[in-house]
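Presented below, as structure tokens, is a lone chain in the form predicted alone.
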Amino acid sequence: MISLKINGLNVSVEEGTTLLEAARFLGFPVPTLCHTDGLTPYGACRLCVVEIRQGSKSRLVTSCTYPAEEGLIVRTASERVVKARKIIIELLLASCPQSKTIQDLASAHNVRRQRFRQEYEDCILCGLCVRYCEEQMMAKAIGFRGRGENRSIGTPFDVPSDVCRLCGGCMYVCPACQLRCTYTEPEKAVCGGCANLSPPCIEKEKFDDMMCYMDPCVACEIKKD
């Protein structure tokens, strides 16, 4: 077991536990955007930063990728951490202002303005869709392309992938996909991207009163009698 201190509380965790897992185990809220349980940590959004101290030096690290270390002192909501998170949220707002997920983050962290050049991107390069496609669907239908400002996500050579299962999972986990549903042009008003061909209620044939358990529902609209 590894012993460390988080926000003044002593905690012991198993080797390999990340700081994010340790903090959440104690009930300390740490916001994330590119992290989802079941997927490999990526540390792209930087929202989960925490302040760690080793000796007389302290620094900010992404808690989802940083493993717990013996004797480490961690603070999840120091003035430095809060300031860094607000700046990160401002940058996300500058990229994808129409994302409800990002707007909710801004509201929860008392961000009332953003001071950067406004853009209207449809991707924040968090990598959730890429990891979901590879690790959950075992498809690898999409991936990262290019570097720097030319970095993007898509299929090789922009050709429809023959291994894509059309599951819609990449859009379901995407924190910026709401942008695709806010077009004003008539030909783009209805994208249909969130629709599945079959309902997810797999127990339907066994229980007539079984309701859809997905939240939000991405495949069916069930009405009670």
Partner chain sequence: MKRENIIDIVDKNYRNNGGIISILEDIQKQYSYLPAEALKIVAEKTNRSLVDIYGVATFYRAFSLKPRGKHLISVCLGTACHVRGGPVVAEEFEKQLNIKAGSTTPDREFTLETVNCLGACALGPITVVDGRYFSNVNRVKVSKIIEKARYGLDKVEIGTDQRIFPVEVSCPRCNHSLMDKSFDIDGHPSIRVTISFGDTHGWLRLSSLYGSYSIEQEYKIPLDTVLNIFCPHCHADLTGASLCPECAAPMVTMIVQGGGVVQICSRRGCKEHMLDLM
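Worth saying up front: this structure is predicted, and the values here are computed from it rather than measured. Residue numbers count along the first chain shown, from 1.
FYI, the form predicted in complex with the partner chain isn't displayed, but the following is about it.
Colleague: Going by heavy atom distances of 4.5 angstroms or less, which of 111, 129, 141, 81 would be at the interface with the partner chain in the predicted complex?
Modeller: The residue from 111, 129, 141, 81 that makes the contact is 141.
Colleague: Check whether residue 145 has any heavy atom within 4.5 Å of a heavy atom of the partner chain in the predicted complex, and answer yes or no.
Modeller: Heavy-atom contact with the partner chain at 4.5 Å: present for residue 145.
Colleague: In the predicted complex, is there a heavy atom of the partner chain that lies within 4.5 Å of any heavy atom of residue 154, even though the partner is absent here?
Modeller: Yes, residue 154 is a contact residue.
Colleague: Residue by residue through 36-64, tell me which have a non-hydrogen atom within 4.5 angstroms of the partner chain in the predicted complex.
Modeller: Nothing in this stretch is in contact.
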